[in-house]
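Take a look at this one chain, the form predicted alone, written out in C-alpha cells.
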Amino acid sequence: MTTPERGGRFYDLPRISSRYLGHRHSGAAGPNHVMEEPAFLAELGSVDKLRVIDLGCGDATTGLQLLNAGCQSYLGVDSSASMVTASGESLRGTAGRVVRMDMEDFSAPPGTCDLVVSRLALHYVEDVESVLAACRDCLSPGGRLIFSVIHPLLSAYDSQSDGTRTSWVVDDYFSRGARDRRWMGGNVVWFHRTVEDYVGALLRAGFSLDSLRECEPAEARFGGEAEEFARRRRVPLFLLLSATRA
C-alpha cells in the first residue's frame, strides 16, 4: 500500500482529480448531489451582494453557482494544483478568483467577507480550530460560516477496499486524529473528530451555531431510483454546520 497523502496532494496524484470530479458530478449516483448539496442549499439562502470565500473550493462549481446567484465577489482557496486548474475553467469569464493555498495558511483582513463556505474539505485539516478562528476574523459582524465534512460515523468507519459499500463498521469513534483511508483508488488521510468536537470548535472560535444537519437523502433527486435511495438512507455520510459570527 502506498503512503497516504494529505489534502491537496492527494488530488494531485495521477487520475485522482478526474475520478473525484466524475464521482462528485455523477447525479443520482453521487452522494454529494443527493445528500450534501440539498442540505447546503437549504442553509445558504440569498447570497445577493455578499462577499464570499470558499475554503477547499475544488473545481469551483460552487463559486459559479454563487456568482450566478448574485454574490458581489467570490474567492476560492485550494491547495491542489489540479483543482486550481479546474476551477479556472469553471470561473472563466466571471469575476471569481481562486488562489492556491493550504487552508491552514488562510487569512484575510478583518471584516472583508460576509460568508465563508467550505464543502467537504475541513476533514483534511489537522488544526481545524485555527482555520475556524481565521474564518471568524475575516467575517463582517453578523457574517456566516457554512461548512460540511465527512460525517464522523464515516470517518470512524474503516474500509481498505474500493467498490460499493454494503455494510459499515464504526470503531474507535472517540479516538480523534488521523485516519488512513482507501478512497477514489488512492490512499488518503482524513482527520476524525466527533460531532461534539466540531460543534465545540465552532463555539470556541467565536461562532453561534444556527443549524446542524446530517444531510438526509433528498428523494426527489434520485430520479425514481428507489433501491439507491434506500441504500443512501442507511448511514449518514455528511455533517453540515451553519453558524453566525458571535
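All residue numbers refer to positions in the sequence shown, first residue = 1. If you're wondering where the values come from, they're calculated on a predicted model, not measured in any experiment.
Beyond what is shown, the protein has a form predicted together with a small molecule; the following relates to that form.
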query	finding
Stretch in contact in the predicted bound form with the small molecule, which is absent here, among 132-140, 170-178, 89-97, 114-122 (heavy atoms within 4.5 Å)	114-122
Contact of M103 with the small molecule in the predicted bound form (heavy atom, 4.5 Å)	yes
Distance check, V149 to the small molecule in the predicted bound form, heavy atom within 4.5 Å	no
Non-hydrogen atom contact R232 with the small molecule in the predicted bound form at 4.5 angstroms	no
Contact flag, G58 vs the small molecule in the predicted bound form, heavy atom cut 4.5 Å	yes
